[in-house]
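Two forms of a single protein chain come next, each set out by itself as structure tokens; they are called structure 1 and structure 2.
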Structure 1
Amino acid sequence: MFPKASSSQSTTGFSGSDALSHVYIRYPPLRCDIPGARGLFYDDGNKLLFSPTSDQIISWKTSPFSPLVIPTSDSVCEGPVLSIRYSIDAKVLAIQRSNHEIQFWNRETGNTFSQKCKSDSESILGFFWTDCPTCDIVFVKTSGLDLFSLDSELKSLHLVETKRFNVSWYVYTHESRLVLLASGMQCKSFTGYQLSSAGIIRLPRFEMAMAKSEANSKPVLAAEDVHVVTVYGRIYCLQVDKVAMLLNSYRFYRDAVVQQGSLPIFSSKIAVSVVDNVLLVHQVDAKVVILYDIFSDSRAPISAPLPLLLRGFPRSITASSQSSSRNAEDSEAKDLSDTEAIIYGDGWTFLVPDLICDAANGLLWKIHLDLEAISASSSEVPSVLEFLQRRKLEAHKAKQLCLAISRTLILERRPVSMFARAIDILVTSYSYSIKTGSYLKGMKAEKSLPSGVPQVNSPSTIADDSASRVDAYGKSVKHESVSGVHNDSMNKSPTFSGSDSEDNVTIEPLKTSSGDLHSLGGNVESKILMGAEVPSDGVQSGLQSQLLGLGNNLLNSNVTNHQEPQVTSAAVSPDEMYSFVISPVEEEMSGDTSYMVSIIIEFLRSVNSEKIKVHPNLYVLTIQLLARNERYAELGLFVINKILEPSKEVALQLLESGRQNIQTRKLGLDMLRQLSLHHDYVVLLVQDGYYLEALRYARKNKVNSVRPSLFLEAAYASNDPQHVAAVLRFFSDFIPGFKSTSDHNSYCRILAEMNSSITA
């Protein structure tokens, strides 16, 4: 159950025109304030929020999040409620009535039964349902774990296994299927179990680091200071050390738990969320949130600490709540503002991974990232692009921002080397998304479960991968062990997320020698919990200042306002780069062809390194730019060295640009012949006046698709009766039935007239 607020000293935050934030909650929230309710409870296994009354359990579906979701209810007997959870298949409702009893309801038949502790010396700390093949539900007790299976008739529990050890408190998330059990005088010794569809895995026992404020002091670790999160398919435990003011990070392997560095904190009260694999550390007392991305190359946050904002709140309500009027409307608006516009209220509870429950006011909020604001807050373009390419929840917006950044780089004439680094990131990401099939996928239909219960997450076994794995580029990546006291070095990771489904990760052993890990808190090089560096000067460049507007407006002329496609990857294809960046930018930079050619060459270099095909229009544009500056020698080298891939479009553009340069036109003709475009080659030879050569080529390559009249008209235009006669004889000899056509009769008559005029 979530605690009620004892006071309200929190601030009210609105998204005014001068407000800037990287994280926000959107109005309206999901309202779950029921008269007579006995608090709010969250079931992360089924993504349900519960509000029990004297004889009912009212529940709201929280995934997908909708403020207008219609609640469902189950009738139950009156009694105290300490915890509520549905079974994985949503057929059984379990309610913890006391520290010694849990009551069960069969939702189909209405039958009930209870399970109690056998000894008064032990008490139930909590319970959770599992999809483990050996058990259905786990009781966490002060004496250890009791694993039960539910009988086929759903009438009783059968004890499967008991794991005995002292437990002070525990932390469990269904997302990770991991339960951490704290013990010891300081509650800093932990035993972990992962109970998933793959079975039960016991993690090695480990201790968390805690600084001492005084020599003889022994601070006690509280449950609210330990957070289990899943980021990029890996399980991490984050521990708040209030004395050292650090957030210690631990990563779970099958055979080791490794401390992987620490992050500074600036508040004694810390909350943690994960949104789209971005770690959000809420500094509750300071009322700011700091973002970290574990794939970045620095332990610095992604951006500067900024407040959490409330967006979409009606301005009329805001204005009326701040006025001094005493009429009824203003009073009602003020009450609404006081309950719904409080940021970091005392009654706030942060739910894994991205929800906020305001138990005091009966509200549920969902946390969102502002990708545009994050992009605009950093001048490190490569880091921003890497960050955007890893986003999946708003992949379409991330893609638009990447295109906007690329376009701005060119418009501002940034150094070609900077564009080269940016385009390498985008091309590599696209290549990886094609290999993994994540570029475009349709949204799968959500299967609904009985009584409005949402579909349960697919099973996950998440304590981490082995020390040797394959990264996003297909290369082997191995952990490197280092020695030392400080956890400053962290694990190298691929640039892009290695899987589309972050839920399905298997536990593998950490393969290191005994000398690599001096202790469970030893050093393993791992770059976790890091982000792009924040500019120290605080001055935004033109790129930064334009990003927010570009994110919404840059592509409006090119992208329709229809429903966004179901894009699961922010990868940018070469065709999109040409259509939305290079082509429109070239029109705006018509006077600087040399720079545009350099940009295109870098783009071609990058795509060729990944063996990706590009649209011929890009090659056509390159030819136009080179010809515009009369750089025909370079153009010839580009064609000869296959920098410009041969195609019909490229050949025709070479012919067009070759009107002022015969060598370029010859390159176009040669390309048509190399591509076996015999018809086009013959027609162009005739148009250039080489109709006799065209006849020989047509006969040699058996080209019979060209109209005879085309050759006859060219021969007649030469005013040479011998050529006309030769062409007539050629078609008469090699095309059956030609003598009976109107062309034969007409040009025989014309030939006779030409001969008679010569004789006269």
Structure 2
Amino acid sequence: MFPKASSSQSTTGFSGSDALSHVYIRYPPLRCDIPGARGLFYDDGNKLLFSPTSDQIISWKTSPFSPLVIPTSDSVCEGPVLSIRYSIDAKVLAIQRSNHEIQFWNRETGNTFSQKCKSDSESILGFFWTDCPTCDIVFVKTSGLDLFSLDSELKSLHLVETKRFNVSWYVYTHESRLVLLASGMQCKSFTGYQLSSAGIIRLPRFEMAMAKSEANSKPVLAAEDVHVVTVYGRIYCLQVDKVAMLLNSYRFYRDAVVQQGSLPIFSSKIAVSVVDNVLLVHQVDAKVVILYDIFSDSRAPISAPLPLLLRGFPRSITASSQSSSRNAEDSEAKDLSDTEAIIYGDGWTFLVPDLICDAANGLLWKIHLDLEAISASSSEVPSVLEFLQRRKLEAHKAKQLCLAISRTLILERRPVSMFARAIDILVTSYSYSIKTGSYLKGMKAEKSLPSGVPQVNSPSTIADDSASRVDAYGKSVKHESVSGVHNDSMNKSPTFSGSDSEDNVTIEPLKTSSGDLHSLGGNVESKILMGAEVPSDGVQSGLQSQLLGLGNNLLNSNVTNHQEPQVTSAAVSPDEMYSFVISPVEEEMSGDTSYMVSIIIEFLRSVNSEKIKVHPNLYVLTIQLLARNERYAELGLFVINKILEPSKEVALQLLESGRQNIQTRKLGLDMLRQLSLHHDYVVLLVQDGYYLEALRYARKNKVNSVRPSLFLEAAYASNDPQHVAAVLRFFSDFIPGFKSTSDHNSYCRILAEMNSSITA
């Protein structure tokens, strides 16, 4: 589906010739190496990547991710930069200048002011903006949290509230709105707050588990060993225990923090990403990534550990036979030096959820899942389908894969029970998506957009920076970025900007039954009901208007954004199941109608259990299949028991298939009558020679649309003058003006002839 440049896979790729992977980054990256830059900073609240220079802040929009995005800039005073964040409405720029001072910049007026610590004994660890109703910005200090609000003129901060604790370090992500404050000797005691639009929730204090290597050793937990991840609208904390070589997981509820078990790790350095609710645990030292779908209780990885790949890198085009113009392109395309192309390089910082910042080389990569590879790596069809149905980022592709898997199931004549399980998953998922409305939303999006066109693959506008320049600045950039970006790596942001429920995270009340965890989407739903939604749309639009205001060409990013079909759900409707699976497959399976019928029955059973309607075409197909094998007795039972639901299409097919079987034809007739399709019923009765019954029926149900000549012809064909006379009389009596029609005259004559021939 993607234009996977086969060249990049076939030749010496970054991981050798073996191109097997489930996760990849795609060339080209977003280039953010600016001359004179003093490191890279990430603002996960606004999904912006900053690179401060001496008097400017250059920023790149990272969501939607596009290598072609044009950076914007703000002019600021010179000075040290520890951290940069725009306010949620993007009107104010906040720059942490030191451990004691944060400077604010009104982007409209250019006014600035600073906020400093009151005492020297405390220092600012960091800050973040919040959409909490009571405050706008939170300072995290060694002495606790300071909650401030911005005054209406954006000229000063007012302290709203102070929360006092000792803080060693902290972790915050905007997508979870959760700040975790570490304290204690080992930094393993945590206090947490969620500051969302629903208000402030304080989590109960909890301790993280730390194994001891020796009796007296007391390992200290570091900030880089704690990751807050958001999957399926739930918030988890993953903590690396380097002694036990385990990744402990904790789930946050409104009133409890519950340990959820541990995942094994194979590297002392662990990074975590979340792509489309799939948890990626990067085993950095081992240079492999393990995927988990922690929707259910299962802690089993989705697939075996495989390396992260770089795809689309046109490395092999350097063959000497290439034309000069191609070579020119190549030299540009080959701007990735060998040092830049190192996967899991030292300069890599993982920005949650799914970005990798190569601070050393000034590159930003986005991580992608290869759904095709993942689904191909497992033979457990039901679990693959479940996995695919939960994918939203590439819902269109997931959906296509589901359809393809279903087709293959049938074509390979897998056991009916296997198909039954598969179809149950698809139908349940569809039923759920109907209830939540995501299916319809997806349909709308799909309609308004062209079909899947891959990303534009041209080099980025700022990619003309030569590689040598990186070398010149590389060291200093790298040095600075280690501290700067490292700090920011705690501030993670969602890339998927849609107003999807996944963006809106809150802490739920603890549910005692663990069964809740795998009830399909139940948690997401309850979360929405609690109304703790985060107006990420507002963030987005605010930012966009601001960018527009600066006169930047947004068209580019918009185009790339819209080129992937935005189906929001991989759910497959019964109609699509018919059109894209059963109908196309049926032609190839023509030799095995019994199997096809079993498949359809399974499908009907599944659909019926969710009380979903199917298109009559499916019933029509079933009738055709049964009739083709002359299984009329079964067909009769199917109709009588209403397994094939009555409809005009079904009735007409029964009549058609009933040409060889009178009982089947009768079923079609009966169905027409039961559906009160009076006109068709009367016409067919006449066709079958039951013209007198047809007349009675027509009179009773006031059917006037059938031409009298039809009845008269039928009566004439029976060669019974009495019947012709009766029919004539009927129309003369009940149809005004019939006596003056040509039908009347001609049949009177015919009747007279019939009578005379009899008497003669």
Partner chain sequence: MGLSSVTTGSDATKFCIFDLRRGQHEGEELDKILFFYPADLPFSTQLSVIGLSEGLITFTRIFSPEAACEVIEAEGHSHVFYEAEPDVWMVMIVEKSKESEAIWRIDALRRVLKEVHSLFMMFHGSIRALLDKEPSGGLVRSHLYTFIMDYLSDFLVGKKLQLPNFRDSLKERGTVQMLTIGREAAIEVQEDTINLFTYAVLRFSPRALSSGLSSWSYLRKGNVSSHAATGSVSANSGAVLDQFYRSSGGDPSYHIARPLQQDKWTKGKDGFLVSDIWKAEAGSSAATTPTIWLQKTEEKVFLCTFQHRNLTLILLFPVISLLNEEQGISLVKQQVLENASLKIVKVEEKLSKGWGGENAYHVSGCRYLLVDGDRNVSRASPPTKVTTLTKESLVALNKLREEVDLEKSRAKSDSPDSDKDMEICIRAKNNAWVIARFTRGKELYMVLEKANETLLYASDTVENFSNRYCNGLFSLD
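In this text, the rigid core denotes the largest set of C-alpha atoms whose superposition between the two forms falls within 1.5 Å. Residue numbering: sequential along structure 1, first residue numbered 1. Values in this document were obtained by computation on a predicted structure and should not be read as measured data.
Visitor: Do you reckon the form predicted on its own is 1 or 2?
Guide: That would be structure 1.
Visitor: After a core superposition, would you say Leu695 shifts its C-alpha by at least 2 Å between the two structures?
Guide: Indeed, Leu695 is displaced by 2 Å or more.
Visitor: Just checking, between the two structures and with the core aligned, does Val727 shift 2 Å or more at the CA?
Guide: Passes the 2 Å threshold, so yes.
Visitor: To one decimal place, what C-alpha displacement in Å is found for Arg749 between the two structures with the rigid core superposed?
Guide: With the rigid core fitted, the alpha carbon of Arg749 is displaced 4.3 Å between the two structures.
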